[in-house]
Structure formats: structure tokens, C-alpha cells
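Let's start with one chain on its own, the form predicted alone, as C-alpha cells.
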Amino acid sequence: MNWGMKNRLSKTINPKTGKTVMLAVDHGYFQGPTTGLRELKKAIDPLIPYADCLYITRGMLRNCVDAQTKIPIFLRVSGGPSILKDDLSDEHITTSMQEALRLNAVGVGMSIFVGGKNESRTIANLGKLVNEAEPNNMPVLAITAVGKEMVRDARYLGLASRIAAEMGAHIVKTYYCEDFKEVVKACPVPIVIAGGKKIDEKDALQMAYDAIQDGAVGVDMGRNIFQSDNPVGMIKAVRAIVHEGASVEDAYKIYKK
């Protein structure tokens, strides 16, 4: 990587710890006014000081994030179907590289649907995005989206993560699973885990802890933070696990406090 790419990645992955806490708030791009993000600005303003990076769409960035903020921005650039449509894999690239540069993003991200009806198109779109990103020193985050019919095991997530890396993604976001170490071993680029649906806070902290122990460089968590009954406490607890090596019990005390 040259200087520009390294510089952008260093704003997301903390050089001191080699880890990152990304705050995912892009859910509205297909879910609409998601619970916890109906008033997005009100929801994220207290969380921004504790996140290393904000994963968001261009519309919400423009309208809900102060232009003077210091938080690095990873921009969601894919979309298409809503939750009203059965096939969520019918995605396209919706935001240009020029737009990402104008918005001063440190990276761009999109979903690939390995095993989905539109698998080929989403993987090809990832390749095209990397082709556009490389000349501009823009890191690409590939998200291994999982359809209802797919099993979230190490074999499947390892396949999807490896394909993302093969297409040139600089970071991969996938789900935590049993034998997650095998997923990490087979993927030569950094992996962050998705938080997924809202679960009990202690279970979410355990998942973050296990993922870090198994080789993930961090989390890109959304609902398990902003839908918590104590969002600020929760992101502080996650941060303690990721950057300070805190135990689950100690992190849970931070959340409760």
C-alpha cells in the first residue's frame, strides 16, 4: 500500500492497538427508520466520541453529522431493495467514488451476497468498486451479507470472506461463528465482525471478546449498541474489550455503570 491508503486505514484501525470499533448506522438504507435510529443525529451524537469510525450512508452523513466532526467516515455505497422485497441480494452500486472523495470519506463499503440469487452481480460490483478505489487510495470494506437460507458457519463465512479478499477488498466484515479462527486464517485481510440483531448485552460483549481472541481486528457494531438501554455504556464496554483487552465481566461492569 502507498501512503494515502495507509493513512486512510490508520484513521480507522488504531495504529497503537491494531484494532477498531466501527459504529454501523447504515441500517436505514434498506430498513427505513430503524428502531434506535429514528432520530439518527440524536442517537449517534453521544456515541461518536467513543467510536473509531462511523459507517453511514451519504444522505445521513450530510443531514445528521456535523461537518466539523473528527470521526472518520466509511461510506455505504451499495443499495437497492428494501425490507419489503424478498430478495435483498438485488443490490447495485448507488454512490460514486467521486462522491466519496467529495465527502472526505476514509473508505467505502458494500455488501456481497455469496449464495444469493444475485451473487455474481454483487461480487462483480465489488471488483468494479475496488478498481475505482485503488487509483484514489480508498480502502474498500466488503460485507458478507447472509440470506435467510444460508447457514452462518465457518465453512460458509470462510468462503464468503475469502472471495471478498480475492476480489481485492481491504477489510472484510463478517459474522462471528464457531471455529471463527479458521475464517480468520483463510482470509489474508483484516476482519471485523458484525454485531447482527440485538441480543442481550452480556452476550454481545462475549461475542466481541471471543472474536478479538480469535483474530478479528475489531467490530462494526450497530444494533447491539444503539438499541441498548444504555448505548453510551455499551460502546464504552465494547471499546474496553477491543482496545484495552478487558474481560467480559469488567466490560459488563462498564456497561452497567
Ligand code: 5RP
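Predicted, not measured: the structure shown is a model, and the values here were computed from it. Numbering starts at 1 and follows the sequence shown.
The form predicted together with the ligand is left out here; the points below concern that form.
Although the partner is absent here, residue 55 sits close enough that one of its heavy atoms falls within 4.5 Å of the ligand in the predicted bound form.
Interface membership of residue 221, defined by any non-hydrogen atom within 4.5 Å of the ligand in the predicted bound form, is confirmed. Proximity of residue 26 to the ligand in the predicted bound form falls within the 4.5 Å heavy atom cutoff.
Taking non-hydrogen atoms only, residue 231 never approaches the ligand to within 4.5 angstroms in the predicted bound form. For a residue to qualify, one of its non-hydrogen atoms must sit within 4.5 Å of the ligand in the predicted bound form; none of 74, 106 and 138 qualifies. In short, of 221-229, 184-192, 60-68, 38-46 it is 221-229 that has heavy atoms within 4.5 Å of the ligand in the predicted bound form. With the partner omitted from this view, the residue of 143, 129, 169, 157 that lies near the ligand in the predicted bound form is 143 [heavy atom within 4.5 Å].
Residues 173, 175 are the members of 157-186 with a non-hydrogen atom no more than 4.5 angstroms from the ligand in the predicted bound form.
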